[in-house]
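Take a look at this single chain in structure tokens; it is the form predicted on its own.
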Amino acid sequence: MSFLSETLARVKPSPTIAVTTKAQELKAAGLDVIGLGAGEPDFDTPENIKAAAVRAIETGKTKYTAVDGIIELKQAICAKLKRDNGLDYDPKQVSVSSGGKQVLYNALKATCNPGDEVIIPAPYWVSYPDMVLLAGGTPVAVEGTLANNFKITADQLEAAITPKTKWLIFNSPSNPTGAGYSHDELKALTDVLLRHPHVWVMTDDMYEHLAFDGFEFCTPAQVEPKLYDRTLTVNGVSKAYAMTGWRIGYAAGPVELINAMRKVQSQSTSNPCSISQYAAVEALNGPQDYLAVNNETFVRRRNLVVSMLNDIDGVTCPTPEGAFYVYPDIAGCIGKTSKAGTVITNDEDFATALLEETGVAVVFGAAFGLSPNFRVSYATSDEALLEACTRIQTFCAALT
């Protein structure tokens, strides 16, 4: 009899973390590795945010706080949601956690019963299905298509809903594809949800501010106010503000749900880091002008990567509307053999051979629920991206 729980046996470790760890190990062993696996901006946290953290330390803001966040941060979150999304929330409707991942997990743990289904558009962030499983629910993947830029349709959502459906997890712009849903595309989905009042919506708006080429971000409760009372709007400071290590995520939603999430957090981690919370207040309330400047860099990098990958025979790479990922299709590479003799039977074989033979670390598509693809994070230097894409081109050209 295993000492470990049956629930844990249903869950796999994060593939993105595994890829990053393996790349670091190979690099430590002397291999020239370029890591394109981590979803982390290479920009430093802005100076005004770091200064706010220093002030918090110097003024003794180093004690326990309220379980799910200080009032100053909750007020800043309410102001942000009103300013950016036209959504009215009171601080009692806000929960702050140690990263967006904890927010999502708290919500699922607080609401899922055995047999409850959670619809997850695929490709999806690798953690969604496993968090559902840990919470006792059943993930239901709905696959987007390359032809529709990996986005699901209203008809697909309608077909996936059953009497057991508890949540739809919605992420736009998407990790791993960068695809963003327009207002009309999202309205078609919310129209479906209006016909099914037992289904709640959990948004993941983490890439809200990373939107390019005039794409206008919108979130479900903003598009369809009638869904306000059954929507949990989730966001954080990690990506746009280059604060991944600070670990601050937040959500706004119905008071009953927020209270339940607080109960879960009170018996797991308690409050997020006090210093990070004060830094997040400054992130949300302070200057926002550098977001557009950073996006100019991301657009340049995106265009470089998309262009170079689309020059490869057998590879198709859509141009994403946001985030800092591309998700190329490699159907034309499957069944071929690498220069070192590896048969590419699937996208995991492709990613493994690419890392071992060229030192370029990417994440294989099966980890995100849709194959044959791989994910590239272009949140790194232009020089590293140019070299990495050159190596990918050389690797693919040698496939026979």
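Start at 1 and count along the sequence shown; that's the residue number. For the two forms, the rigid core is made up of the largest set of C-alpha atoms that agree within 1.5 Å on superposition. All values derive from a computational prediction rather than experimental measurement.
The next section is about a form of this same protein that is not shown, the form predicted together with a small molecule.
Only one of W167, Y128, Y181, Y327 comes within 4.5 Å of the small molecule in the predicted bound form through a heavy atom, and that residue is Y128. Note on contacts: among Q265, T219, S276, N175, the single residue with a heavy atom within 4.5 Å of the small molecule in the predicted bound form is N175. You can rule out all but one of 305-313, 224-232, 193-201, 97-105: in the predicted bound form, only 97-105 has residues with a heavy atom within 4.5 Å of the small molecule. In the predicted bound form, at least one heavy atom of K239 sits within 4.5 Å of a heavy atom of the small molecule.
In the predicted bound form, the small molecule sits beyond 4.5 Å of every heavy atom of K151. The shortest heavy atom separation between R247 and the small molecule in the predicted bound form is within 4.5 Å.
Taking the partner from the other structure, the small molecule in the predicted bound form has a heavy atom within 4.5 Å of a heavy atom of M206. Once both forms are fitted on their core, a CA shift of 2 Å or more is seen for T16 between this form and the one not shown.
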